[in-house]
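Next comes just one chain, in structure tokens: the form predicted alone.
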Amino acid sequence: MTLEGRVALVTGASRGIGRAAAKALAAEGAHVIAVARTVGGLEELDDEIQKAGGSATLVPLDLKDFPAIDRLGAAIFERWGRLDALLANAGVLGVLGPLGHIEPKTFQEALDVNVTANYRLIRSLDPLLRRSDAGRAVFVSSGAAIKHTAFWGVYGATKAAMESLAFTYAAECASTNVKVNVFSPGPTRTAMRAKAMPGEEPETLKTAEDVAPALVNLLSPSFVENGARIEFSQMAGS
């Protein structure tokens, strides 16, 4: 169990990649702080983690509640005094369509969840990651951040901004024990993918469970690269 005794926080933990990663981290011995809006999904995750012999702390939280993110950091400090791993996975697709047709509230929500919430997580959790002997942070992104595909402007622009934020944070951590990287899973069988690509055959895609071991690797003390944009296909050797 490569993460025995370590504390890992996962956002968007109630489904998809976040859920699979939370289970994989717990299976390797980490205590998982599972953050998501959906209480039922978190409780189901907790049941599965406990059945497998792992442990988790459930945090029902809407990442648009920025003061709650501040309180989360304080609570983690009081209980554990540090954080060993952060998987910033939660994100929203927004709406696919011409930029000129996007409602301002839709764009703002995507900014709040995909960008501002991650800034607030860094602000709240950075002191805790620095107290770890090998703090690790991974921000889950998408090919949309660099492809600039028509009608994907909301998701692509906010993910690109998130990547810039993460790489800046990595530069600021260069002389510390904290390593920060961006991870792009590629096409994966998730609810968000189904919403974006409704005509796609899900059986042709890899699953979130396929992706999860790569994230465990990136969040482990043995992974020492910093400031990299890592594609799952590279890690899978394809």
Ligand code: NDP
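Since the structure is predicted, the reported quantities are computational estimates derived from the model, not experimental observations. One rule holds for the numbers: they count along the sequence shown, beginning at 1.
The next section is about a form of this same protein that is not shown, the form predicted in complex with the ligand.
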{"item": "Heavy atom of residue 124 within 4.5 Å of the ligand in the model of the complex", "value": "no"}
{"item": "Contact label in the model of the complex: residue 54 to the ligand, heavy atom within 4.5 Å", "value": "no"}
{"item": "is_contact(residue 159, the ligand) in the model of the complex, heavy atom dist at most 4.5 Å", "value": "yes"}
{"item": "Exercise: residue 191 in contact with the ligand in the model of the complex, heavy atom 4.5 Å", "value": "yes"}
{"item": "Contact segment among 125 to 133, 87 to 95, 70 to 78, 164 to 172, judged by heavy atoms lying within 4.5 Å of the ligand in the model of the complex", "value": "87 to 95"}
{"item": "Among the candidates 210, 62, 48, 28, the residue which, in the model of the complex, approaches the ligand to within 4.5 Å (heavy atoms)", "value": "62"}
{"item": "Position in contact with the ligand when the complex is considered in the model of the complex, options 182, 36, 178, 33, heavy atoms within 4.5 Å", "value": "36"}
{"item": "Contact test, all of 21, 82 and 221, partner the ligand in the model of the complex, heavy atom 4.5 Å", "value": "no"}
{"item": "Sequence-ordered residues of 119 to 149 touching the ligand in the model of the complex, heavy atom within 4.5 Å", "value": "140, 141, 142"}
